[in-house]
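In the block that follows, a single chain appears as structure tokens, in the form predicted alone.
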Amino acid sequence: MFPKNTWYVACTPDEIEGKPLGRKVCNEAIVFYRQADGSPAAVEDFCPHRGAPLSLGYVSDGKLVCGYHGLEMGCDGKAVAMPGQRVRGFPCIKSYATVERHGFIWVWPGDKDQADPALIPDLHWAHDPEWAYGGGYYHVRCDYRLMIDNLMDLTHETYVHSTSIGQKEIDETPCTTKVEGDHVITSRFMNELPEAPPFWKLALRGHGLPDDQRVDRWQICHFNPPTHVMIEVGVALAGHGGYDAPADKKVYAIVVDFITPETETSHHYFWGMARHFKPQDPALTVAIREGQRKVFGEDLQMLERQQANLSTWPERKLLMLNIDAGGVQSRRVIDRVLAAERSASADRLAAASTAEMAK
């Protein structure tokens, strides 16, 4: 149901400072921690001694120690030591490829030998002093694909986010969707709006621009597999070119959405906003993050109740409208990735079987 031979955001660096973190990713229980050199590591959250969760233990000199009987585990999944016991012959548990990059800890839940750090998306804003980032985390009890649907069709803003980023012109303005390989883009451009909604008024004031003038507004949603959605958003004072307006006439940002499947009906949602205005203003970063936290919080009840309905009536067929194109195309990309992964796995098994018979 979810691709595994790919990179997902597992956690933020602060979540593993001085202690292990247990987190399920793609139905795999994993414990994350830092080694002695500071680099992240991840192994199954399962002690081979008595099956206790290793995440209930602690980290000592870069080694993961089980909190039940003190078994020390290596980052390769091998038992290292245990007081008064010989444990080197214990069976290995699974270890995972992990990388710290762009302010996140990434994990590859599939075949570790296929993990290539070069495949981690390039987040240019994460290292550019002209940009500022603030974000957070939500645990969401719904199928990760429902969140992708939500982010690739922003028509719901008029209704779910009526007091923050919604306005009637959103569902009155048609959107366009195109597919470039595995990249799905849904765009909506709204011109000569009477005013910006409350969240964007805050952003305009933060950039020293008036918040009571007509504006042009844009939303460009980008989906890339396995589950990442980046949304170019912003408003410009009307009459200055909209999306292409000069920097001193607009507020421009990227809404960052990393959606990491937990189970079939839950996921980890790492959200944030990278902005390209007033990057050296920490108070503005806090204000925008809190505003965005409120916006995403408004989605939670809707998505979780939607999942509850779908779980109760799985046989019901849902309607598809033109506004659903972004989510539909994104799901088709996911299906293609899953099919390719299954095919590659079958080929490897067949090759291994042939090699075994040849011995």
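Residue numbers here begin at 1 and follow the sequence given. The model shown is predicted, which means the values in this text are computed figures rather than measured ones.
One more form of this protein exists, namely the form predicted in complex with a further copy of the same chain; it is left out here, but the text below deals with it.
Undergrad: Given that a further copy of the same chain is not shown alongside this chain, does K178 nevertheless sit within 4.5 Å of it in the model of the complex, heavy atom to heavy atom?
TA: K178: no contact with a further copy of the same chain in the model of the complex.
Undergrad: Looking at the partner-bound form in the model of the complex, is L310 within 4.5 Å of a further copy of the same chain by any heavy atom?
TA: Close contact exists here: in the model of the complex, L310 approaches a further copy of the same chain to within 4.5 Å, heavy atoms only.
Undergrad: Please run the contact check for H207 against a further copy of the same chain in the model of the complex: heavy atoms, 4.5 angstroms, yes or no?
TA: Because no heavy atom of H207 falls inside 4.5 Å of a further copy of the same chain in the model of the complex, the answer is no.
Undergrad: Decide whether V160 counts as a contact residue for a further copy of the same chain in the model of the complex under a heavy atom distance cut-off of 4.5 Å.
TA: Answer yes; at least one heavy atom of V160 falls within 4.5 Å of a further copy of the same chain in the model of the complex.
Undergrad: Kindly indicate whether K78, F199 and L349 are, all three, within 4.5 angstroms of a further copy of the same chain in the model of the complex, using heavy atoms.
TA: Verified in the model of the complex; spot residues all out of contact, no.
Undergrad: To verify the annotation, which of these, V333, V295, V59, M302, has a non-hydrogen atom within 4.5 Å of a further copy of the same chain in the model of the complex?
TA: Spelling it out, the residue with a heavy atom inside the cut-off is M302.
Undergrad: What is the one choice in H156, K112, K249, R141 with a heavy atom within 4.5 Å of a further copy of the same chain in the model of the complex?
TA: Only one option qualifies, and that one is H156.
Undergrad: Any idea which of 147 to 155, 189 to 197, 120 to 128, 209 to 217 reaches within 4.5 Å of a further copy of the same chain in the model of the complex, heavy atoms considered?
TA: That would be 147 to 155.
Undergrad: For the stretch 306 to 326, I need every residue with any heavy atom inside 4.5 Å of a further copy of the same chain in the model of the complex, listed N to C.
TA: Heavy-atom contacts within 4.5 Å come from Q306, N309, L310, W313, R316, L318, L319, M320, L321, N322, I323, D324.
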